[in-house]
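We begin with a single chain expressed as structure tokens, specifically the form predicted alone.
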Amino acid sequence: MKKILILGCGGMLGKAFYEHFSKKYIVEATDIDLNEKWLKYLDVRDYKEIRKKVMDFVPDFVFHLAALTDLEFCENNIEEAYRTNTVGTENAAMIAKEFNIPLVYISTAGIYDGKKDLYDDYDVPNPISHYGRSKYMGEIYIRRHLTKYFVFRAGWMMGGGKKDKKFVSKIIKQLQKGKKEIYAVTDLYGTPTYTNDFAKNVDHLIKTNYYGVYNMVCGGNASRYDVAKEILKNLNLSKKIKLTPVKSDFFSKDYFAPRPDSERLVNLKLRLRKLNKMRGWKACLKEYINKDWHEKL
């Protein structure tokens, strides 16, 4: 069995990766937050410790998932954002190059400025937040220094159950608290991305030698309001909960970091290579809610 070292495996995407890849590979899963018994401590900001881990474990692949993804935290803690998201990525890339190990890096739709309605893999990024810029700088370093790499740009992530800190979880937790009215934004657009489908499609790609940068999101696009509406529908709460459309400035006090008006991605390269295994976001959202949330309301 081939071996995979996963950096930053303690979050919602890491959960999906561990559950999928540990069935087919020997996996060493690491993070600074040891919230699972299968995690071992490793800080991606520590070059020497990553290198030691690679020398001891001798992986066939290094998966770099570690990142600070809270946009507001990144705006308020700029150096920490770059130390983790950029320098941490540079560390992983340097070591992958030294030992000739293919690197898998998870990037984001947040690297675009949102001026276009839809972005394919060949559009030139222009990040408007420190989060987006710190992630894009990681992309640039990998592309300049490695030949064996996969960069996967994800959209609005959903999945992970209790580890979900994103939009779906935030809506459902409001419902758990008894809220009878939900406010959802209509003027920000993106592409939901199911962690389980994402992990499966990554597995499909690493078996090829088609290295490079790929958009990898679910099919279809949506506003935050569209996703909230679909959540209520799947929970049979459409008639019991009032869903109120608002503009993004309604939440400007809490969500002050600049966000692209559109983060809509299309998996053009995956389609061209006939490697797109991502399902439509509505089907994935339904599966996710039925699997992780339905009985908790």
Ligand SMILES: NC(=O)c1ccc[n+]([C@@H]2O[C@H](COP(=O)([O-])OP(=O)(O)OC[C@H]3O[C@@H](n4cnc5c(N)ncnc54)[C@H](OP(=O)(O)O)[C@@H]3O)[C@@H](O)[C@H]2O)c1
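For every residue, the number given is its place in the sequence shown, counted from 1. It should be emphasised that the depicted structure is a prediction, and the values quoted were computed from it without experimental measurement.
The same protein also has a form predicted in complex with the ligand, omitted here; what follows describes it.
Peer 1: Heavy atom within 4.5 Å of the ligand in the predicted complex: which of Lys165, Arg143, Lys148, Lys179 fits that? Just give me the one.
Peer 2: For this set of options, the contacting one is Lys165.
Peer 1: Consider the chain as shown here, without its partner, and state which of Leu270, Leu65, Val266, Val54 has a heavy atom within 4.5 Å of the ligand in the predicted complex.
Peer 2: The residue from Leu270, Leu65, Val266, Val54 that makes the contact is Leu65.
Peer 1: Assess the spot marked by Gly14, Val44 and Thr84: is the ligand within 4.5 Å of a heavy atom from every one of these residues in the predicted complex?
Peer 2: All of them do, each having a heavy atom within 4.5 Å of the partner.
Peer 1: Are any of the heavy atoms in Ile26 no more than 4.5 Å from a heavy atom of the ligand in the predicted complex?
Peer 2: No, no contact at 4.5 Å.
Peer 1: Should Ile32 be classed as touching the ligand in the predicted complex when contacts are defined as heavy atoms within 4.5 Å?
Peer 2: Contact with the ligand, yes.
Peer 1: Would you classify Asn234 as touching the ligand in the predicted complex, given a 4.5 Å non-hydrogen atom cut-off?
Peer 2: Taking the distances in the predicted complex, the answer for Asn234 is no, it never comes within 4.5 Å of the ligand.
Peer 1: If you check in the predicted complex, is Ala154 within 4.5 Å of the ligand, heavy atoms only?
Peer 2: Answer yes; at least one heavy atom of Ala154 falls within 4.5 Å of the ligand in the predicted complex.
Peer 1: Look at the stretches 252 to 260, 35 to 43, 55 to 63, 234 to 242 and give the one with heavy atoms within 4.5 Å of the ligand in the predicted complex.
Peer 2: Going by heavy atoms within 4.5 Å, the stretch is 35 to 43.
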